[in-house]
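Before any questions on binding or motion, here is one chain by itself as C-alpha cells, the form predicted on its own.
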Amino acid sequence: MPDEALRTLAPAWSAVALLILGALTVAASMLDGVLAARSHGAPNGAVRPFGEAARLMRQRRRTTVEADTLLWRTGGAGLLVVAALMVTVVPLGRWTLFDLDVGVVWFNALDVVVWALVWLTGWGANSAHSLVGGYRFLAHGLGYELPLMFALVCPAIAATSLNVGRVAAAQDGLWFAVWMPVAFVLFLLGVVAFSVWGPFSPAIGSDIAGGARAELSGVDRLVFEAGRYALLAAGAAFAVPMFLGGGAGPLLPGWLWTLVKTLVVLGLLVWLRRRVPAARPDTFMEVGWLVLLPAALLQTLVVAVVVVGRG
C-alpha cells in the first residue's frame, strides 16, 4: 500500500490497536477472575473485575505525607502507556502501526522502562512498604532482563533482521518456538516478570501490605492494575510474530490468526498465575545469573550456528 495511504489510515489503525489491547486486557482480567472464583468456590468470577473497577472508581484517592505526586502518578499510569507502545510494532495481518526496522529493540527498550515505572510507583509514595516493593521488583529485574534480551536476540538472528514483520515472515514452515524452545520459554518468563505477575508478584506482596501498590487507591489503583493486565496482553501479542509464525495459518485471515494465537498465549500466562509459587528476589537473581543466562547464551549460540550453517 502506498505510504500516503498508510499515513491517512494511521489514526484509524491507532484506534483499532488501542481497542484490541483494551479488549485483550479485559479478557485477561475476566479469565483471572474466573480462575480466582473457582479456587475459592465462588460464583460469577467473570464479572468480578467489573465490580472491582466500579468500586475503585468510587473510592477516594489516597495521599501520603511528603509524597512526590508527579513521580507516583507517572509510575502507576505509565504501565498502560508502555503496553500501548509495545503493540505498535506488532503486525496484525498486513497492518503495522510502526513498521520499525528496529522493532525488536523497541520492545526491549520499553520493557526496561517498566523497571523505572514500577520503582517510581514505590518511591513516589514516600512509604516504607511501597519502597520495599519497588526494590523487590528491581531485584527480580536483575535476574530476568538479560535472559529476556538474549531470548529476543535469537529470533532476530534467525531472521537476520530486527524488524518484527520480517521475523514473522522468516518462520515460513517452522515456528521459532519449535526449534528455539529455550528462548521462547525465557521470553514468556520475561513477560510474566515485567507484568509483576505470578511468581514475580512479591513486589506487590501482601507481606509488605501490597508493596509498590500499597498506597494506591481509587483510580490510581485501577490504572496500575489495568496496566499489569495490559502488559501481559502486549507481551503475549509480541510472542506471536517473534515465535509463533505471526499471522500464518490455514483458512483464517492473518489478522485473525494473530488474535487467536495471542489469546492462547495470554490464557496460558493468566492460568499459570496460581500454578507457580512466588520467587524470592534473592533466590531468583541467583537462578537468573547461574541458570537462565547461560541457557539463553547457549540457545543463542545454537541459533547462530544453524544460521551460519544455512548460509
Partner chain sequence: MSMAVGFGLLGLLAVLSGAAVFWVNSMARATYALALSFVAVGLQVLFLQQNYVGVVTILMMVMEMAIMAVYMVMFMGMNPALMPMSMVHSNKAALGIAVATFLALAAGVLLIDWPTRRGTPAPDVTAALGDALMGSKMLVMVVTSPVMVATIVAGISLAQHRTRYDRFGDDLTQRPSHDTQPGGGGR
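It should be emphasised that the depicted structure is a prediction, and the values quoted were computed from it without experimental measurement. Residue numbers count along the first chain shown, from 1.
Below, we turn to the form predicted together with its partner chain, even though it does not appear here.
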{"property": "All of D32, M86 and V89 within 4.5 Å of its partner chain in the predicted bound form, heavy atom check", "result": "no"}
{"property": "In the predicted bound form, the residue from L71, A177, A158, L189 that sits within 4.5 Å of its partner chain by heavy atoms", "result": "L71"}
{"property": "E52, heavy atom within 4.5 angstroms of its partner chain in the predicted bound form", "result": "no"}
{"property": "Distance check, W119 to its partner chain in the predicted bound form, heavy atom within 4.5 Å", "result": "yes"}
{"property": "Contact flag, V81 vs its partner chain in the predicted bound form, heavy atom cut 4.5 Å", "result": "no"}
{"property": "Proximity of T96 to its partner chain in the predicted bound form, heavy atoms at 4.5 Å", "result": "no"}
{"property": "Candidate stretches 261-269, 245-253, 281-289, 23-31 - the one whose heavy atoms come within 4.5 Å of its partner chain in the predicted bound form", "result": "281-289"}
{"property": "Interface residues of 104-137 toward its partner chain, as seen in the predicted bound form [heavy atoms, 4.5 Å]", "result": "V105, W106, N108, A109, V112, V113, W115, A116, W119, L120, W123, L131, Y135"}
